[in-house]
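Next up: a single chain in structure tokens, the form predicted on its own.
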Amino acid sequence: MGEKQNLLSLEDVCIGYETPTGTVRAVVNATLSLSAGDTLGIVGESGSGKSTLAHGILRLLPKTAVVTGRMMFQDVDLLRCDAKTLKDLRWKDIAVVFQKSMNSLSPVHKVGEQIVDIYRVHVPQATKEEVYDRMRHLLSVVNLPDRVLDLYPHQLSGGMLQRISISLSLIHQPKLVIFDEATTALDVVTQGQVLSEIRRLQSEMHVTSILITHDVSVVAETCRRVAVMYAGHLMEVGPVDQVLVSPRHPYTQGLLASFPSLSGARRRLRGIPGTLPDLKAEPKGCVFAPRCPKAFDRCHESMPPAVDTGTGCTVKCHLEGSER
């Protein structure tokens, strides 16, 4: 059996925001690949560049953004394709569920009426009955009754609205769905319900997905692979059962040490000291070195390359595969 063809390939992607006082380096040399049916979680603290990378894939960045590198979706270069090609890809082939996306629905129109308008952007000739038939199936997939189509958004809970957003993202059977902090605004119980629906979509509909989050537990529950991001850099990438069980990068280790466990022996939580660096200043050494408890001289002198560990993981650390 041959290797799976990559659905999405990112190669040395850099994203910067031009400001009067300099360029904010939000994403630096990001290299990733995603096969059909795969589930990738991108995790890191606030300001690490996770959402910027997701928005870059969709080309939803502000005009001040400068993007370089290669972003290939199958055989389409997302950074260089024309506006019509990009419009055809969005929502039909690449869909997204944003944080608080339930707020995007108009409060003065019924949910069903809005969905018909959304669907007709790509299929203008579609009848109301065709759209409703499609949505009834998708609503059942996320455990919602048909009656929500005849309700106004204010008559639904936040969890129901977010599940409607998920069903909307699937309306054209996209090849890739990006969940950008899709559960962050929900309470713990509702978040668990929405994550359960996302897992069902992945297992039953074989949805290829990218999950953007700052919550390690969300990645552990829903993803097969994980990319750990810090200050615009992908510090560690690999299978969830390796990266989250036996982390090799000090930043990944710090993230996991700051997250409480509900099983096993009790342990003291340890935060990562310090703060994110100034993203306008190009670091001389490793971007994590000022906060790293294992940093040595070389860490302050040069940025380490991404090293293949031979186990399906890549780690951007001087400690990996070299002697001090």
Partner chain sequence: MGRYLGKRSLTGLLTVIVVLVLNFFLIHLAPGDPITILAGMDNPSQELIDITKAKYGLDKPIYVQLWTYIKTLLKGDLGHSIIQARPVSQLIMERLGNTLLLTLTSAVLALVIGTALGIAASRKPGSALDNVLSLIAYVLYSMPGFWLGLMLILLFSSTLRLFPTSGMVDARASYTGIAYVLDVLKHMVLPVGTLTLIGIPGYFRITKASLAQVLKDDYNTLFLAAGMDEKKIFRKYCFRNAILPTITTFGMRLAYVIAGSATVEIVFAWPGMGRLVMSAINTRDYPLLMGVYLVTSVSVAVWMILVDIFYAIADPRIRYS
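Small disclaimer: the values here were computed from a predicted structure and weren't measured. Numbering follows the first chain given and starts at 1. Heads up, when I say rigid core I mean the largest set of C-alphas that superpose within 1.5 Å between the two forms.
Below, we refer to the form predicted together with the partner chain, which is not included among the displayed structures.
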Students should find that, of 242, 114, 208, 191, the residue having a non-hydrogen atom no more than 4.5 angstroms from the partner chain in the predicted complex is 114
If we test each of 36, 66, 60, 257 for a heavy atom within 4.5 Å of the partner chain in the predicted complex, the one that passes is 60
Choose from 273-281, 23-31, 293-301, 50-58 the stretch whose residues reach within 4.5 Å of the partner chain in the predicted complex, heavy atoms counted. 50-58
Is the gap between residue 107 and the partner chain in the predicted complex 4.5 Å or less for some heavy atom pair? yes
Is residue 140 close to the partner chain in the predicted complex, meaning a heavy atom pair under 4.5 Å apart or at it? no
Please check if residue 90 has a heavy atom lying within 4.5 Å of any heavy atom of the partner chain in the predicted complex. yes
Test of understanding: in the predicted complex, would residue 126 fall inside 4.5 Å of the partner chain by heavy atoms? no
Sequence-ordered residues of 146-184 touching the partner chain in the predicted complex, heavy atom within 4.5 Å: 152, 154, 155, 168
Taking the rigid core as the superposition reference, indicate whether the CA of residue 91 shifts 2 angstroms or more between the shown form and the other one. no
C-alpha of residue 126: shift of 2 angstroms or more between the shown form and the other one, rigid core aligned? no
Using the rigid core as the reference frame, would you say residue 111 shifts its C-alpha by 2 Å or more between the shown form and the other one? yes
